[in-house]
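What follows is a single chain, given as structure tokens, in the form predicted on its own.
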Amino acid sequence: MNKIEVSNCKELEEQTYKTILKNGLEVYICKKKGFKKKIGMFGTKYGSVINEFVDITRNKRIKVPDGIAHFLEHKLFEQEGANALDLFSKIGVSSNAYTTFDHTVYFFETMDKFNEGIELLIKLVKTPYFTDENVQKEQGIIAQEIKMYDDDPNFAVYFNALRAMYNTNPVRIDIAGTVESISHITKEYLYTCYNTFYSPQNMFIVVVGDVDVDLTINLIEKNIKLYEKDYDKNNKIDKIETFSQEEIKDIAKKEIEQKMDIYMPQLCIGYKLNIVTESEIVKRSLVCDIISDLYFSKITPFFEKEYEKGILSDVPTFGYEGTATFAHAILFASSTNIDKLKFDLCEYLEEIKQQDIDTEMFELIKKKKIGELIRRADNLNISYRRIIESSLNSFDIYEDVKILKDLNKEDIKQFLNLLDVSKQVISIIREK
């Protein structure tokens, strides 16, 4: 019998059950009573920023080509003579996969084929099939994907900002890698990464929906056993060792500009920050979400002034990204008068550090955010993202609800003071 931990959130009227199987695999089930749709996810704590590690099968330190985590995602959803999307479609289930900086996830959504979906999901992830031929074919497909994103101004302005911020951290490189880097990926590299990072103790399964908790855990365990002959014998948990080049505190470059065929110039103002872990990551994300509404929404004097001058038409967005290896805040905006907008935003960002925070506005926005959390509890995608973040960063599943309720003006002020001009970068995409 597996030991089950239960996390409750009265505000969201939601419970999440967690157990760890004998092989170290984490299983989370978010119970959503009355919901018809169900989501099943199989993920690994392996993303694009991990490119140097100890090969768990040979106990040897190696470095792999950039983009291999994303490449592996593509290949795992392909079996001999079959594509995963087609296999899921045949049983009436929609599916997909994605790779981020720090994790990769394969998932499906269904109304009434949940058991079949779980069985197929586990089979696909647990039975890799790599050959020289299918790796070479995929290199061409992903190279086209990389070129397509290179032509996307939103993508370009963002990654140029990261390249300006970071000197050596792999976060500065496209998650898919480069056309050059993926040309060096081989089936041997793929099996090495798979055997190291797709080991059970580095993975998680998340289920969201109105399912029976015990039956679902038993279903998952039964199917995992089919692909692990020593499941009941091997309780040894292998430690995964990863390495990263030490990133200096200074930014790499103050400003990057690029010209593209666009109708609306794009701007990113980024700030390289100190790294924090666990619940502080959640707190910073919530603080930036409030700052975005407090200083850049349509009800702010700044937006009204810039709109009347014809500089702004869309609302700028301000957000935080961080893991155990990088941390930054980025402001996105667009304008036909990009130089004037850049000047006004940089000046405004310095001004708000000195201003007192409007108490009434702060409390109003905070209540709005709490309300949004409660409303979004009906969104199954929000529920699984919360669980994945909890698994990756080892904090309580409902940490965001607790932190948001306790946030105060001083938390906003402290974060604004972290936005150091010496750590500020500018990324601009201009029209040709």
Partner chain sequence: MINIYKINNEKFKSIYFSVNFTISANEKEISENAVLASVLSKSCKKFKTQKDIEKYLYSLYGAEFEVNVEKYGDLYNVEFAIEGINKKFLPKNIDIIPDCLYFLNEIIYNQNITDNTFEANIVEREKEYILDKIRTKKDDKLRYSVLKMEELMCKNEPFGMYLYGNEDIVKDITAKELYKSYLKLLNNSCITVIVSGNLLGYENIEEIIKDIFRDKINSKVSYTNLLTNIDKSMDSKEIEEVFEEGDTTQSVLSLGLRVNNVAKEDFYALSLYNAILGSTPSSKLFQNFREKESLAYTVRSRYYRFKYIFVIYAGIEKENYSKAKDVIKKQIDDIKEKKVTNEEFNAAKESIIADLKEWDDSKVALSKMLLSNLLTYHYDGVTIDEMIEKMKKVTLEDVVNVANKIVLEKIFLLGGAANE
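Positions refer to the first chain, counted from 1. It should be emphasised that the depicted structure is a prediction, and the values quoted were computed from it without experimental measurement.
One more form of this protein should be noted, the form predicted in complex with the partner chain, which is absent from this view; the next part is about it.
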In contact with the partner chain in the model of the complex (heavy atoms, 4.5 Å), from 219-227, 268-276, 188-196, 306-314, is stretch 306-314
So, K368 and the partner chain: in the model of the complex, are they within 4.5 Å at any heavy atom pair? yes
Report task. With heavy atoms only and a cut-off of 4.5 Å, decide whether H74 touches the partner chain in the model of the complex. Result -> yes
Quiz prompt | Distance check, E13 to the partner chain in the model of the complex, heavy atom within 4.5 Å | solution = yes
Counting only non-hydrogen atoms and a 4.5 angstroms cut-off, does T300 reach the partner chain in the model of the complex?
yes
Next on the checklist: Suppose contact means a heavy atom within 4.5 Å; in the model of the complex, does that hold for all of D112, T336 and E372 with the partner chain?
Outcome noted: yes
In this chain shown alone, the residue from M41, I403, V54, A377 with a heavy atom within 4.5 Å of the partner chain in the model of the complex is A377
The one residue among R385, K63, R58, K33 placing a heavy atom within 4.5 Å of the partner chain in the model of the complex is K33
In sequence order, the residues of 140-175 that place a heavy atom within 4.5 Å of the partner chain in the model of the complex are G140, I141, Q144, E145, K147, M148, D150, D151, P153
